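Here's a solo chain for you in structure tokens, the form predicted on its own.
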């Protein structure tokens, strides 16, 4: 395993970089879409809540491998040519947005109604209430499940090799086919995935402690 890491580290590093770029881009874009979706799901207007619910059901209820193939093959059919890496980012974004919307919806539902009513009575606009009162608390409440979602997307990114994106898993397959050492190669890839996920978990734990400490001093 360590021989594979030493002899093929440039290719593995390039594959890992692609994995991180795709995963983190999808998480960041999905976060924005997920927040908007969460408010849509909680809207009193059925014309807004119903499509958001339908979207959430589709992307949470179908396999991510199928979603990748649908996006990759459907877009050219409607005249949209897109590089495989962007198709991968788009698919993972749409997927994680559905899961993040449910995470944020749960967080929003835990905000005391009295805070929102008091802000409205003080003449604060809906936008400012969401920006300054609701979302800072929601991020504190949802940090652990958000971290789990980041790790899930990072692991699911191993599937994007099916649409010809040369990420860590595809690089590992190429190395295994050249060296005839599949076990050692895939163990090396597993070690890299594990290392990144451990770093993400540590960063999340650190941020959570900082947030709890910030609340304690307020």
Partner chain sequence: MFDITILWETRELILQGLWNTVWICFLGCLLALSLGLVLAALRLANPRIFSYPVACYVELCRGIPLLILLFLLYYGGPSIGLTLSASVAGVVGIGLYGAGYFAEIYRGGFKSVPKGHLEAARMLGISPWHVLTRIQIPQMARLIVPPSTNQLIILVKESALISIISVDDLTKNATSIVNQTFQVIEPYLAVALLYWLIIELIARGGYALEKRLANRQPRPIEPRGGTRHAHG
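This is a predicted model, so every value here is computed, not measured. Numbering follows the first chain given and starts at 1.
Not on display, but discussed next: the form predicted together with its partner chain.
In the predicted complex, residue 148 approaches its partner chain with a heavy atom inside 4.5 Å. With a 4.5 Å cutoff on heavy atoms, residue 158 counts as touching its partner chain in the predicted complex. Using a 4.5 Å cutoff between non-hydrogen atoms, residue 29 does not count as a contact of its partner chain in the predicted complex. Proximity of residue 193 to its partner chain in the predicted complex: non-hydrogen atoms within 4.5 Å are present.
None of 97-105, 111-119, 79-87, 127-135 except one has non-hydrogen atoms within 4.5 angstroms of its partner chain in the predicted complex; the exception is 97-105. 69 is the sole member of 164, 49, 33, 69 with a non-hydrogen atom within 4.5 Å of its partner chain in the predicted complex. This chain is drawn without its partner chain; in the predicted complex, the residue among 17, 204, 197, 25 with a heavy atom within 4.5 Å of it is 197. Contacts of stretch 61-98 with its partner chain in the predicted complex, defined by any heavy atom lying within 4.5 Å, are made by 61, 62, 63, 64, 65, 66, 69, 70, 73, 74, 77, 95, listed in sequence order.
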